[in-house]
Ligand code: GAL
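Take a look at this one chain, the form predicted on its own, written out in structure tokens.
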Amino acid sequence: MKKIYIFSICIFVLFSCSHREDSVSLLLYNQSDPYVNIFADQIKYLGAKSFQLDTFDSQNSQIIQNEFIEEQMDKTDLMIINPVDRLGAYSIIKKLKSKGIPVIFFNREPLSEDLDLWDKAYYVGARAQQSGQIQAQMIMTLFGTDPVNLNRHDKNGNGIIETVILKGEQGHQDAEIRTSEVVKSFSENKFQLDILITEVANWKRDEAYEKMKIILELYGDSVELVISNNDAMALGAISIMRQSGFFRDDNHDGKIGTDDDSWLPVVGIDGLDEAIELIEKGYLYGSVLNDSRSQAQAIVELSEVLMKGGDLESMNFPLVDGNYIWIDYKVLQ
């Protein structure tokens, strides 16, 4: 009788350890990405009182991420996933649906038809089109709002804005949309844009530094504008530009700004703390806040409602089309 009792306790302990109530798995595409790392910290902080959270770094490998998902399927109540490959969401949703595990995607938007596979698959994020539109608006304002008569920021006076584009990742949905939308916005507003070169720097500061170094060697003073798909690449570009003689206090007023001849507009997206600091110091003209805090709040609230069986319509962040929570981008200047 005693042996049976001990065996029963062991079975109970093993079962309890294999699955914890209100357990959430957070899977990141790459924790070395500064924006994603900050995003993850906000989810952890905001969700700490509501659920047990385990974080997994996929190291930019969909294979590794898939392995983590398989391992956690019997140990979690809900998954929050920043997919490595948005096209990988199809098989992820199918697997989690078979286990009845709700999933919230963020940062990389799955295809709408994939989200439609299950009524407990969601996406929380910002519309990529909006970020490109805001970047373009900031730049057009800087150049004088009149496409026919650009101001002194048109350094060669030819009525055309010669620009460099630093692209996040070839084929990545946000990179493609941010790039195409900023160019489209100039065209729709009759501004002439001459894209000297588009370089892929994979969202990374060090890659942008190296790419911008070559760009300056090739195009030098022809560059009138640098458009970056994110802040990290913008910061890399600014680093080499400062070393190359840009951003000096030419008018000796004690600060760096648009009045200095060596100043050149660089715009980013994300709203990293370091980017905000460089905006204040005059090196970065502006950024577009990809509001990770509000997105994290929405993710945590949605997670709580899904796990506790609450009312989705009562949330502070309304669902759109059944699967989406959208958080608007904001101007940072």
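Residue positions are given as counts along the sequence shown, with the first one as 1. Being a predicted model, the structure only gives us computed values, none of them experimental.
The protein also exists as the form predicted in complex with the named molecule; that form is not presented, and the subsequent description refers to it.
Contact with the named molecule in the predicted bound form, judged as any non-hydrogen atom within 4.5 angstroms, is confined among 279 to 287, 303 to 311, 32 to 40, 61 to 69 to 32 to 40. Not displayed here, the named molecule is kept clear of F105 by more than 4.5 Å at the level of heavy atoms in the predicted bound form. Within this chain, H172 lines the site of the named molecule in the predicted bound form, having a heavy atom no more than 4.5 Å away. In the predicted bound form, at least one heavy atom of W203 sits within 4.5 Å of the named molecule.
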